[in-house]
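Shown here is one chain on its own, the form predicted alone, set out as structure tokens.
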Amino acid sequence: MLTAKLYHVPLSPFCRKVRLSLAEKKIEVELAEERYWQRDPDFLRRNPAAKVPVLRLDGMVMGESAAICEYLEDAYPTPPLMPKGAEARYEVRRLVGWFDDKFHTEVTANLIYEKVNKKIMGAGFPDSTKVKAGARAIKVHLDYMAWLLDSRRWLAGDVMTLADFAAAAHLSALDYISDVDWNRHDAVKDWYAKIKSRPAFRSILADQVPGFPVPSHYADLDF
């Protein structure tokens, strides 16, 4: 069986997106937690950008989650996480960019980074202004997801794609700290229930971060 090694941080949505892609394609992966902020020389040789994820696979060492996921799609096309057709593929890439850029900047960085990363890194206390901004912004993004799902089975269309994994990677990390209001939109909750129940999600639902207890609903498929 093909084996990969992923240098990651458990609540990083970018790492989770790669983990979901690997699991969906049934590529066994060894996880190595990397404290990238400590700038270990060995890690910097793997990725001078000092960022996770970093994936070792096929004799290659790869950084940047979007590029990694595109590589996995090209090298291991079954099962596909990108649809056929230029227009459909554009929509997937647009939404991956939406979550990894706009959602990350407005929500994840203001909640996960402030509440969790600062404590782990010993970088001080959460900035309450940023936390409040993230709590406001996530409502707008959940509304947008509900609008998309009003006319689609999945976020980018009628089949599950990398766009769904990008969104689920961010939301699952936020759900670990109970920052997602699943009662705001039934459509979004139903979408997450579908993707959460996939075998690819099992390792993510087993994550535990020292100092941050797992919420009782986190791994519950009937949350």
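Sequential numbering from 1, following the sequence displayed. Since the structure is predicted, the reported quantities are computational estimates derived from the model, not experimental observations.
Just so you know, the form predicted together with a further copy of the same chain exists too; it's not on screen, but the next bit is about it.
Visitor: Do all of Asp158, Trp182 and Arg202 end up near a further copy of the same chain in the model of the complex, with near meaning a heavy atom within 4.5 Å?
Guide: Not a single residue of the candidate spot has a heavy atom within 4.5 Å of a further copy of the same chain in the model of the complex.
Visitor: Does any part of Ala67 reach within 4.5 Å of a further copy of the same chain in the model of the complex? Heavy atoms only, please.
Guide: Yes, Ala67 sits close enough to a further copy of the same chain in the model of the complex that at least one of its heavy atoms falls within 4.5 Å.
Visitor: Using the partner position in the model of the complex, report whether Arg153 sits within 4.5 Å of a further copy of the same chain, counting heavy atoms only.
Guide: Because no heavy atom of Arg153 falls inside 4.5 Å of a further copy of the same chain in the model of the complex, the answer is no.
Visitor: Check whether Lys51 has any heavy atom within 4.5 Å of a heavy atom of a further copy of the same chain in the model of the complex, and answer yes or no.
Guide: Yes, Lys51 lies within 4.5 Å of a further copy of the same chain in the model of the complex.
Visitor: Taking the shortest heavy atom distance, is Lys130 within 4.5 Å of a further copy of the same chain in the model of the complex?
Guide: No, Lys130 sits far enough from a further copy of the same chain in the model of the complex that none of its heavy atoms falls within 4.5 Å.
Visitor: Please tell me which of Met121, Ala135, Ala75, Val140 lies within 4.5 Å of a further copy of the same chain in the model of the complex, judged by heavy atoms.
Guide: Filtering the options by heavy-atom distance leaves Ala75.
Visitor: Here the chain is shown alone; which of Ile27, Met62, Ala187, Leu31 has a heavy atom within 4.5 Å of a further copy of the same chain in the model of the complex?
Guide: Exactly one residue meets the criterion: Met62.
Visitor: Between 74 to 96 and a further copy of the same chain in the model of the complex, list the residues on our side with a heavy atom within 4.5 Å.
Guide: Contacts from 74 to 96: Asp74, Ala75, Ala86, Glu87, Arg89, Tyr90, Arg93, Arg94.
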